[in-house]
Ligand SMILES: NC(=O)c1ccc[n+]([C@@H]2O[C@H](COP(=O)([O-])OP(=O)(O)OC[C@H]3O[C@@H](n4cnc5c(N)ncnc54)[C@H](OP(=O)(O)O)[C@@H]3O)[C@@H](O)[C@H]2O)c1
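The chain below stands alone and is given as structure tokens, in the form predicted alone.
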Amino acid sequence: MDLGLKGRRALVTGGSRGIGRAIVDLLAAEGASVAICARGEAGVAATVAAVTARGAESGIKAYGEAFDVRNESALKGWFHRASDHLGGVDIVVSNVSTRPSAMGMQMWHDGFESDILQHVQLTELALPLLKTGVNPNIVFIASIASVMTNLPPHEEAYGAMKAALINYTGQLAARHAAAGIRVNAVSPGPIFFEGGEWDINRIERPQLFAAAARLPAMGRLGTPAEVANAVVFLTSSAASYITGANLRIDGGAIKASNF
């Protein structure tokens, strides 16, 4: 299916592995130029090289930098350099998320910076350029943890911040719809990929991994590609009447109506 993304310009944070890398690969496959960031230099370089190779004949552009998105000045610098390289911005996929390892109040401070503040900072940078973009839109990567109340103690802040991110999505959608900017979120369930959290749990915490695999009605963990398919659809003109939505991609893990 041609989603009409050829020539579009997309920014993807955390785009070097897992869900983010799958989103980058699919956007590029649909003909979009992509700028990414992530913390690991090797992963960023490999992703940029892959997109550049794909776009050698089609003119797809690629750009990437390695840094921590919680560093406001680094985020701002990357945004301006990336948008200049692409010649503008049509799509923002704000994907970065980190489950803080600290406990107590430090967990809440870390969670706020990782799962709310950096999304807000990127959005504030992007909105002026999106207003001049083609079918401009933002997609936030949230989590089903936003509606779960039986979370491990170290994920208390994570779940609360993801809930706040979904609320922020709705506010932005209502505020900027008149300017033609759509804003949506997706909430993945447990997603498996090599070297990811659930791959580590499979080895180090097999009972937890087995319990997570039983949680979805489909009886398995999801894949990054299954999340990317939904995200890239939401960025396209095929989703032109969808804004303010939060799409669960969890194989039926949450057993409740999604009003």
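Numbers for residues come from their place in the sequence shown, where the first is 1. Fair warning: this is a prediction, and the values are worked out from it, not measured in the lab.
The protein also exists as the form predicted in complex with the named molecule; that form is not presented, and the subsequent description refers to it.
- From the list 61-69, 229-237, 27-35, 202-210, the contact stretch for the named molecule in the predicted bound form under a 4.5 Å heavy atom rule is 61-69.
- Contact with the named molecule in the predicted bound form, judged by any heavy atom within 4.5 Å, is made by just one of 141, 157, 89, 138: 141.
- Taking the partner from elsewhere, residue 17 is found to have a heavy atom lying within 4.5 Å of the named molecule in the predicted bound form.
- At least one heavy atom of residue 191 is located within 4.5 Å of the named molecule in the predicted bound form.
- Interface residue remark: residue 40 is counted as part of the site for the named molecule in the predicted bound form, having a heavy atom within 4.5 Å.
- With a 4.5 Å cutoff on heavy atoms, residue 96 counts as touching the named molecule in the predicted bound form.
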